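One chain comes next, on its own, written as structure tokens: the form predicted on its own.
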């Protein structure tokens, strides 16, 4: 899957009850945007009932209340639908290690898997936008003047904004380094480069 173009991916975001599925935390919302050749062709958004009450902190942080979750379908039902949505596409998330942990845990719980690979928009932004004040999603949206509706910490809104950031990074790579249609693999490689080697790597077209 890594040879596919970086502009054909699924950008996803989870809202969760906490930081770690290993500590019993569960997903409570999934949002995703499907990009095909740089164009949004589909979206996915569902609340999901984790089977227990969420904390007041999470209610305040996300705006997702226990009342909303009480009427939501269970995690296993939503994740089965989502597994079908992502199929074998490559995946992007901001701070992808977090979202990957929850995706893996929730899909493992229902015996499902996925065929694509992950790339992290936050790690790539740290390398492309080294002068940015910070590399949180909201900070990068402000730094790159990305259009948004001011909603953060809801899954679909965050995935939509992350998709815009992802496409902006691809556009800047073309403008600044003449790399047209970078591959997903190149983006994965870029995320692992030391900051000092990024310029050399990109000016060589990602061949170093």
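Residue numbers count along the first chain shown, from 1. In this text, all values refer to a predicted model and were calculated from it rather than measured experimentally.
If you look for the form predicted together with the DNA, you will not find it shown, but the lines that follow are about it.
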(Q) I have 117, 178 and 199 flagged as a candidate spot, so tell me whether each of them has a non-hydrogen atom within 4.5 Å of the DNA in the predicted bound form. (A) no
(Q) I need to confirm a contact call. Of 72, 83, 122, 105, which residue comes within 4.5 Å of the DNA in the predicted bound form, counting heavy atoms only? (A) 122
(Q) I need to confirm a contact call. Of 62, 45, 183, 66, which residue comes within 4.5 Å of the DNA in the predicted bound form, counting heavy atoms only? (A) 62
Q | Partner contact for residue 95 in the predicted bound form: the DNA, 4.5 angstroms, heavy atom | A | yes
Q. Using heavy atoms and a 4.5 Å limit, would one call residue 136 a contact residue for the DNA in the predicted bound form?
A. yes
Q) Is residue 158 one of the residues lying within 4.5 Å of the DNA in the predicted bound form, judged by heavy atom distances? A) yes
Q | the DNA contact in the predicted bound form: residue 141, any heavy atom under 4.5 Å | A | no
Q: Would you give me the residues of 13-28 that have any heavy atom within 4.5 Å of the DNA in the predicted bound form, in order from first to last?
A: 13, 14, 15, 16, 18, 19, 20, 22, 23
